[in-house]
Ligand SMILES: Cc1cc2nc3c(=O)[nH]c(=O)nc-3n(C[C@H](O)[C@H](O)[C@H](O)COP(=O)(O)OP(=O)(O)OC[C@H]3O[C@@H](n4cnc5c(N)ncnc54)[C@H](O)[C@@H]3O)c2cc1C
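Heads up, the chain below is alone and in the form predicted alone; it's given as structure tokens.
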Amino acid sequence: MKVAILGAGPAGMSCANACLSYGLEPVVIEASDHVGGTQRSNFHPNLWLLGHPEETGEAMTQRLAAHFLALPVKLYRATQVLAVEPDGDGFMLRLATPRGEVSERVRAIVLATGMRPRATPELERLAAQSPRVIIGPLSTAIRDAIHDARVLILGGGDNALDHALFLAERGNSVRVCTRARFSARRPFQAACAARPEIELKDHCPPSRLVIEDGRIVAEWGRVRVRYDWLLVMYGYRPNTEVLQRFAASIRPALTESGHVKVDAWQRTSVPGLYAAGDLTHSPQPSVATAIAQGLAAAKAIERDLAD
């Protein structure tokens, strides 16, 4: 029995692997031309995966992807979902692949499209104007290009302060501004407060941001400060845009935060539709959580189709 898995990040790859163990036929559909998800660009050590201390997200992704790509799994890369319709006891998916349009009939679907960095429309426009405006933490430019510079970081969570420390160690002067209070772990806050290169300012969002002569100018009322780089660390939002391609009758319920609602077995409100990974509301989003949820979704499908 075919199972469509939308997304080839840790949750999707884990689900595909588990489906094979349960005698199911996974069909993995990935919008980009690579597998691995956003961790593919994470140059920081992955703190949450036991057994591989100091392994970066990038190295971890390469390891997981090598296993996944060796599996007997049908994989569509660089493929967009055009439409999903109910079809008897299953679903019909219409896909736009690099080789043309195809259709796949499946008994179940697993949503594993993850999350994407959060930003305001204004910040997204700035990022489109300048490569020196970076949205989200997963950028090799942060690792390779920012040295001896003045950097403004917007956001007060773990990612914001972790990157402030990373950049301070590389000769940069960093100002971190939050919209409200800092929410990062206390060890991060204490470590940043102890560094003279880092200035922490809560409740101080810029009133205006503009690009001038290739640099970013931030304004706080009449105060204007010129920065070499702007990093936006406003967290993530669930990547649920694909649901707009689903027929209205099979769109799952969402939480107030926009995450897909699931039960303990990763079932959504629509029979035959499951979700795993960061697009569900998890107390601790991580690769380890995504892998476990992918496995749980495959087991749930095996149980449900056997009933």
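We call the rigid core whatever largest set of C-alpha positions still superposes within 1.5 Å between the two forms. From 1 onward, residues are counted along the sequence shown. Everything numeric here is computed off the predicted structure, so don't read it as measured data.
From this point on, the text means the form predicted together with the named molecule, which you will not see here.
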property	result
Partner contact for residue 159 in the predicted bound form: the named molecule, 4.5 angstroms, heavy atom	yes
Touches the named molecule in the predicted bound form: residue 41 (any heavy atom, 4.5 Å)	no
Residue 296: touches the named molecule in the predicted bound form, heavy atom cutoff 4.5 angstroms	no
The named molecule contact at residue 286 in the predicted bound form, heavy atom, 4.5 Å	yes
Region of this chain that lies against the named molecule in the predicted bound form, out of 253 to 261, 65 to 73, 28 to 36, 266 to 274 [heavy atom, 4.5 Å]	28 to 36
The unique member of 227, 182, 236, 188 whose heavy atoms fall within 4.5 Å of the named molecule in the predicted bound form	236
Proximity to the named molecule in the predicted bound form, single hit among 138, 127, 218, 198 (heavy atom within 4.5 Å)	138
Any residue of 1 to 22 that, in the predicted bound form, places a heavy atom within 4.5 Å of the named molecule	6, 7, 8, 9, 10, 11, 12
Cα displacement of residue 94 between this form and the one not shown reaching 2 Å, rigid core superposed	no
